[in-house]
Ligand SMILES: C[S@@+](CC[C@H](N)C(=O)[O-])C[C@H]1O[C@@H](n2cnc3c(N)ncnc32)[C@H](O)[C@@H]1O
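Listed next as structure tokens is one chain, alone, in the form predicted alone.
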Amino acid sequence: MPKAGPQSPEHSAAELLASNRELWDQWTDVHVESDFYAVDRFLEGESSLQSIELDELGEEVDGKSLLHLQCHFGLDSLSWARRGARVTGVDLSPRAIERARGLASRAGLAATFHARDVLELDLGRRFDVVFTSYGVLDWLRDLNRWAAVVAAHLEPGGLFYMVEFHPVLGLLDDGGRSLEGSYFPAAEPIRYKEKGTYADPDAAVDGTSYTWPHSLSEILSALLNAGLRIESFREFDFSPYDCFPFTREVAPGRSVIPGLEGKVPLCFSVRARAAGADA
């Protein structure tokens, strides 16, 4: 989650999207080779899925069609495929989709991947489950459009599930003690000059990101406006990933802010249901 930098000047949506796509193309190869993503362990049979989504969704995907939005290079998508889901993954980065297809072949898993802008997505079919997770929403400029895409790809009575870093994390300074910026979205995206990546800060990556922080009310309202019925909303006092400068891993898959254990939300999850006979 990039920290607040200078606000962007006027750029077209296409220019901002192209800058983000170029950045994620650069990041992909670094991520595939990084210890952070541990692709070798995945190929040996480990799942990349975390305890939150496994506890809340893991028993419901077997035999179901699952659409993974903003799937990066497909590690979680293919972990769902190992649990019996019929998986389709979508990501903005063509390089990520190329690597996802290669990873599926190496792992001997069936999955379909598309390089598309999620906000313009129309696959012409519906799914039992739509899934998205961790560090995805800030890359989307229009949550009402995003939620409409989610709803359009759900079968009647289908389930949308997301788990995401809590918006409050975007306000904390590198020490995790002071607040920076605003919790509420601004008119312009945040522009940030990226050096390296969260998975490898020393990587030879140089690009510009444009992100749009969103409040919880904006996220939940977008889903409701799209006609989805929220079944559950939960907040968690830990992160499965130690990917912030102010977090420390205290157990496998459990990172906290030292001194603020149990006091600050680090993640949240939402289950929402499309209207239909099974809803």
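Sequential numbering from 1, following the sequence displayed. Just so it is clear, the model here is predicted, and its values are computed rather than measured.
There is another form of this protein, the form predicted in complex with the named molecule, and it is not shown here; the text below is about that form.
Of the candidate stretches 80-88, 173-181, 134-142, 153-161, only 134-142 has residues with heavy atoms within 4.5 Å of the named molecule in the model of the complex. Distance criterion of 4.5 Å from any heavy atom to the named molecule in the model of the complex singles out 118 from the list 199, 169, 148, 118. Shown alone here, residue 268 lies farther than 4.5 Å from the named molecule in the model of the complex, counting heavy atoms only. Contact check for residue 37: a non-hydrogen atom falls within 4.5 Å of the named molecule in the model of the complex. Of the heavy atoms in residue 70, some are within 4.5 Å of the named molecule in the model of the complex.
By the criterion of a heavy atom within 4.5 Å, residue 264 is excluded from the residues contacting the named molecule in the model of the complex. Residues of 75-105 that come within 4.5 Å of the named molecule in the model of the complex, judged by any heavy atom, are 76, 91, 92, 93 in sequence order.
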